[in-house]
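Given as structure tokens, the chain that follows is alone and in the form predicted alone.
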């Protein structure tokens, strides 16, 4: 336990709240225990039961993100909001950048653009760093499309490869990457991205990586300029992914299709599935042109403190809490 890092963590949380409060954002603390969490294929909730005094029980999960409820509140008429609190993800590696319980900041704006949420992120980090007397983050941050990142760091023209699995497989083989029969286009994309591109992003300056292939849209709208791409952005600092944001999808029909596809992927991976959150879907029409972003506070504290691991900025690491051999 590093007490100086814990003090820094407390200050970071205080200054984050100050930044958003001064910008007239409404702070909300959404429920952490829900009946229908997100069904992202590669995130795993912690499951338990809620039991009534009469013995009736209800399946319940700790949230992996406050996103669904935040957007329901936004659709009810709130213009700007943020949620700062713990989130939970099972099956996460004990690798120094993940923890099964972590501090997540999410904020949302109605009638805004993805560039607005990037501006918020840049200004919030600069505000917190200045309050702490830390000058390591130079602004403005770099803004880079996924397509340009592939050209800059791997010398690959990505656009002709979109949705062409055979072409992407040939690229992988040429780069000494394995190709399995059941590898999807996305699987092949990430074999190149994780080995040749991601380790170079944000190394020299904080970088927003934006305009992802539409197959990686998640909860984002497709670009109005070119529907091969999605209006999604991630922030990298020192090669570490620290935030993930969207121009929020507000089409109920399209979102249902994506949720059903996520369920199919989970089944293919041998994972459990559960009913779609119909309340969330019915609220989408009220989102209009909303944008939002999820931000890892523990990772920001790690970067500001110079710590080598988020375990150094937590009161106790996952291994201390759960590994009996520790």
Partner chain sequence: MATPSDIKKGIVLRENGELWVVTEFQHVNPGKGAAFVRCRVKNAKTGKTLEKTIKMSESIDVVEVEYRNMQYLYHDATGYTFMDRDTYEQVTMSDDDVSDQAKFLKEGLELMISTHEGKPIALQLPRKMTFKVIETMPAVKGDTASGNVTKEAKTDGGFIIHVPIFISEGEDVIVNTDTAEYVERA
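These figures come from a predicted structure and were not determined experimentally. Numbering follows the first chain given and starts at 1.
Keep in mind the form predicted in complex with its partner chain is missing from the figure; the text below concerns it.
The three residues 194, 234 and 241 all sit with a heavy atom within 4.5 Å of its partner chain in the model of the complex.
Contact annotation: its partner chain lies within 4.5 Å of heavy atoms from the stretch 36-44 in the model of the complex, the single such stretch among 22-30, 277-285, 253-261, 36-44. Its partner chain in the model of the complex is approached by residue 180, whose closest heavy atom lies within 4.5 angstroms of it.
Among residues of the shown chain, residue 160 is not one whose heavy atoms approach its partner chain to within 4.5 Å in the model of the complex. Of the heavy atoms in residue 218, some are within 4.5 Å of its partner chain in the model of the complex. Contact annotation for residue 147: none of its heavy atoms lies within 4.5 Å of its partner chain in the model of the complex. For the options 190, 127, 153, 102, the residue carrying a heavy atom within 4.5 angstroms of its partner chain in the model of the complex is 190.
Note on contacts: among 79, 95, 204, 116, the single residue with a heavy atom within 4.5 Å of its partner chain in the model of the complex is 95. For the partner-free chain shown, 198, 199, 218 of 196-225 come within 4.5 angstroms of its partner chain in the model of the complex, judged by any non-hydrogen atom.
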